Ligand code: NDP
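In structure tokens, the next block holds one chain alone, the form predicted on its own.
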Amino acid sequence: MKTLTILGATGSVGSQALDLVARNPGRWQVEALTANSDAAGLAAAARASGAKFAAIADTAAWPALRDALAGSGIETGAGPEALCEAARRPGEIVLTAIVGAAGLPPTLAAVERGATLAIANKETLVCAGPVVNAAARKSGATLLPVDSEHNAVFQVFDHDRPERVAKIILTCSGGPFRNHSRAELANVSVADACKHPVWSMGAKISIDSATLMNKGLELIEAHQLFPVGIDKLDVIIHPQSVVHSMVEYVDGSVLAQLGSPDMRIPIAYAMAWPERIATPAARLDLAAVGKLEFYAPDLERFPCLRLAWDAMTAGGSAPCILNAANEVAVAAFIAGQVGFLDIDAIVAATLAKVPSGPVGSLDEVVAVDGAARRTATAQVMARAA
């Protein structure tokens, strides 16, 4: 039995991970769980999984969590430091599924103690990839990708001979607006943007998928996860989301990982690695699928992907600025302050205004993130006026 900590236990990925825990009694002992503000959901998950510690980011929600767990013997904590405490506890596997840059400090805390990290928080490597990788090399931590695309690459990548790899090809569903013109995108609603045609995800990730920023962030993450140059990364639109990603080799062979679009498959792969375990995911029926389509992405209609590519190429703090600006812009779109097409405009303006440079520590990342958020917020206010 391995010990397991889940950072972001009440979200989509965390909930599916706990489903796998419940289906496999005796495989994992849950050490700690965290959530943002859902005290009731966190308490229920902690009791059901037998967790030893539960931490909630929102300090105002701590009394409700404490009361809900009274008499259970489960320790509780609140605030950002409590999330880091959860990460530092002796969980052999830490699934980090906190959405956004808020997941960076606890993820880094787990990396620094040498845990095996199942990373579903792409912003960690986008914002601070060099910092996280340096810490992993020092501590001996293992980084396992949970995103379906990176998990697919991980499964078919030649880790012993990376020089044999000619290209990594990340697939992208294209989101709900794949066939929309820029003019049609001007008036789409939050509800429209959250109607992903294949995957069931939270609002933030669904909107990122609609703008293709999600794929841009995944490009940057892939650059940090796999030892290949930027020139060996590519994206292709694949509406069926059956081929989760591909690796092309120098001899012209292309290896792909296929499966039903169910996140429990990559979550289970990372949590059980190096073993494989059964999941309740539907078996892939290619005859029922009928056809697999592939298209080049349109960077004019979806400039967020181009912005991410440019930030990855610039390196340094540019990816962190990109991510912070996008988080602010998406939050403003959800709040009804700006329109859908304002998202890429706010990100572009923020990248132009905030100077980028090298980052070598968490403090430097936090400083850049803060500066980018202030600039992006000013852009939101100007557009909302």
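Residue numbers run from 1 along the displayed sequence. Because the structure is predicted, anything quoted here is derived from the model rather than measured.
The same protein has a further form, the form predicted together with this ligand, not shown here; the description that follows concerns it.
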- Item | Among 280-288, 96-104, 163-171, 295-303, the region lying within 4.5 Å of this ligand in the model of the complex by heavy atom distance | 96-104
- Query: With the cut-off set at 4.5 Å between non-hydrogen atoms, does Asn36 touch this ligand in the model of the complex?
  - Reply: yes
- Query: Is there any non-hydrogen atom of Gly202 lying within 4.5 Å of this ligand in the model of the complex?
  - Reply: yes
- Heavy atom of Ser245 within 4.5 Å of this ligand in the model of the complex: no
- Check whether Thr375 has any heavy atom within 4.5 Å of a heavy atom of this ligand in the model of the complex, and answer yes or no. no
- Query: Which of Ala120, Ala86, Cys127, Ala152 has a heavy atom within 4.5 Å of this ligand in the model of the complex?
  - Reply: Ala120
- Item | Of Ala109, Met263, Ala308, Ala270, the one that lies within 4.5 Å of this ligand in the model of the complex (heavy atoms) | Met263
- Select from 128-164 the residues with a non-hydrogen atom within 4.5 Å of this ligand in the model of the complex and write them out in sequence order. Asp147
